[in-house]
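Take a look at this single chain, the form predicted on its own, given in structure tokens.
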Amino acid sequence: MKLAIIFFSPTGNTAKMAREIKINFETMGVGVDGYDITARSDREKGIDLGPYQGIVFGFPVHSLRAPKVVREWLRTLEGHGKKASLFFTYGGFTVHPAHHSTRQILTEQNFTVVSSAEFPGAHPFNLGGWRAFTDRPNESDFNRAQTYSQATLNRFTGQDPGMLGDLEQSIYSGEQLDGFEALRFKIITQLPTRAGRECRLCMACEDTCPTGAMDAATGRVDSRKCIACLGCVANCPDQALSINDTTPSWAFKLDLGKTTEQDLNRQQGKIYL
């Protein structure tokens, strides 16, 4: 059996889980190819899914769904009835309806989704002062990924003929969910900027930007294209990019989520079969 793992990971959380899941499959004797579609140029290349008997898709949760650029890219694929699985990384707050909405897209594209999972990962807004899952994913998440990998392989091979059950749907309309994406900019009020800091112009921020929003030469972001993923800030080797101080919104977000910092950071991932 040959599998593909396709992932989008601006700040690296989803990439870490994709590597662990790939290792798990390989340990079980499965051939796996990995595809990082974070950069716009990599999504534009396209992927030939023909050689694969199963596809694993991994994404972060942005405002209750897979990121918009991912949702748009998924609609360019043709599943030809292939089995697929999902996994998400999330920063501590609401996950659903990411599983349901993404499965819906894949089903429309003629994939059969057989499993899904979610794993905690450091929230990108930690780069401005939040403290959500600062040390995640960790060993407990990798251990849960082993269980997910085995269960998913059993579904892919038919050893377990079951199909993914019902997933939590949204109580919000599509228009409301679209509006939630814009709320990211209520917290990120200063888009990533160099603000005069020294930079060797390695071009990493521009090359890996999912939407082509970053101009490395000027150190400025096009606000019309930015999705506040903060990959440019997280991946800058010179730590030359920064955002506004997000600390003032941290207590508000905890209160909105009816949780405490301690309870939030005790969360564990989940597997859906």
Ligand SMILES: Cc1cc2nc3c(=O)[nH]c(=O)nc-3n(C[C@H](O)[C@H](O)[C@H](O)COP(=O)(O)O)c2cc1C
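Everything numeric here is computed off the predicted structure, so don't read it as measured data. Start at 1 with the first residue shown and count on from there.
FYI, the form predicted in complex with the ligand isn't displayed, but the following is about it.
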Requested in this report: Select from the listed residues C229, I37, I55, A66 the one whose heavy atoms reach within 4.5 Å of the ligand in the model of the complex.
Outcome: C229
Query raised in the report: the ligand isn't shown here, but in the model of the complex which of Y90, F156, Y148, F111 has a heavy atom within 4.5 Å of it?
Result: Y90
Report task. Within 4.5 Å of the ligand in the model of the complex, counting heavy atoms only, one of 57 to 65, 27 to 35, 244 to 252, 42 to 50 shows up; tell me which. Result -> 57 to 65
Query raised in the report: With the partner left out of view, is T94 within 4.5 angstroms of the ligand in the model of the complex by any non-hydrogen atom?
Result: yes
Query raised in the report: Given that the partner is absent here, does H100 sit within 4.5 Å of the ligand in the model of the complex, heavy atoms only?
Result: no
Query raised in the report: Hey, in the model of the complex, does R131 get a heavy atom within 4.5 angstroms of the ligand?
Result: no
Query raised in the report: Is there a heavy atom of K82 no more than 4.5 Å from a heavy atom of the ligand in the model of the complex?
Result: no
Query raised in the report: Quick one: which residues from 133 to 152 get a non-hydrogen atom within 4.5 Å of the ligand in the model of the complex?
Result: none
